[in-house]
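Below sits a lone chain in structure tokens, taken as the form predicted on its own.
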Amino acid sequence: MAETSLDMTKVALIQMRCGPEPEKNFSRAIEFIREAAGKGARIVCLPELFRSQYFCQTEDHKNFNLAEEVPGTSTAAFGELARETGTVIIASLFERRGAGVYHNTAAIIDRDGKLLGKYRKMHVPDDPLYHEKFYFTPGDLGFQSWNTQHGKIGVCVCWDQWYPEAARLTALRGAEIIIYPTAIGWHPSEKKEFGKAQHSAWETIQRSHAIANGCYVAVANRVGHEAPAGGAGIEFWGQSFVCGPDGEVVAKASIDQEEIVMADIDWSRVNEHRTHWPFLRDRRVDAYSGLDRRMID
């Protein structure tokens, strides 16, 4: 496959439906990655917890059977695929760390198949139909950046995308693109009244991370309606997107279709924006000590 230039890299976000059979989801994810690589993608990200339907809608101990070791079977398969396709792969997995300790983890696999590292979701939500605190221990690896063979990337996961602190620390670690595997959608009963505002807030906060840190942001969401335990379930809103360092959306998916979202990353724009809009330069690091406290009384 043709190599991209040092200044340009094509990123692909896999927006997919996730069914009840993990092996089928995994096989389809591999097909999507191969297709994206065939179109020139060099960095590919899958949605959050793509191997299964979003099981956190209920608190059910049986769902712990979905967990796996990281590194393990999935990362080995993706390592082979990365070598085959020459792509960097970001894969969101349900990690079984040990008895009673599980994480929502993203594996970062370089183009040579090497597992560069993993990111464990730091911010773990507990909202209606998002009962993640039942399943996941908060991450303990901190915010990180990886020098892949196709660029300097940072990875956070879903609920992390609402926190400017997470994006800032990831950028300060050297990331020039922050990638968010995601599983977010509407409660069907709320969609008519609140849906437009909810989605707008989600996109706006992430575009603001790109502006404030002078970097690209890429968000891979799942799509489709899932109600694995009955009830109204969640309508995942898709709309995976990539935005540039100025916050402009350069590629975006539909609300309800499976798609591969492709965008060219021009790494020179990161240096340009960080130089012309020097937010990192003008930070008052001497005045931010309160950020390490829950509240300032």
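Residue numbers here begin at 1 and follow the sequence given. Note that the coordinates shown come from a computational prediction; the quantities given were computed from them, not determined experimentally.
Not on display, but discussed next: the form predicted together with a further copy of the same chain.
- For the three marked residues, 126, 201 and 292, a heavy atom of each sits within 4.5 Å of a further copy of the same chain in the predicted bound form.
- In plain terms, the part of the chain that comes close to a further copy of the same chain in the predicted bound form, with a heavy atom within 4.5 Å, is 160 to 168 out of 223 to 231, 106 to 114, 160 to 168, 69 to 77.
- Not displayed here, a further copy of the same chain is approached by residue 246 to within 4.5 Å at the level of heavy atoms in the predicted bound form.
- In the predicted bound form, residue 81 stays away from a further copy of the same chain, with no heavy atom inside 4.5 Å.
- a further copy of the same chain is not drawn, but in the predicted bound form it has no heavy atom within 4.5 Å of residue 131.
- Using a 4.5 angstroms limit between non-hydrogen atoms, residue 173 touches a further copy of the same chain in the predicted bound form.
- Comment: a further copy of the same chain is not present in this chain, but in the predicted bound form one of 96, 150, 207, 118 has a heavy atom within 4.5 Å of it, namely 207.
- Contacts of stretch 281 to 297 with a further copy of the same chain in the predicted bound form, defined by any heavy atom lying within 4.5 Å, are made by 281, 282, 283, 284, 285, 287, 288, 290, 291, 292, 293, 294, 295, 296, listed in sequence order.
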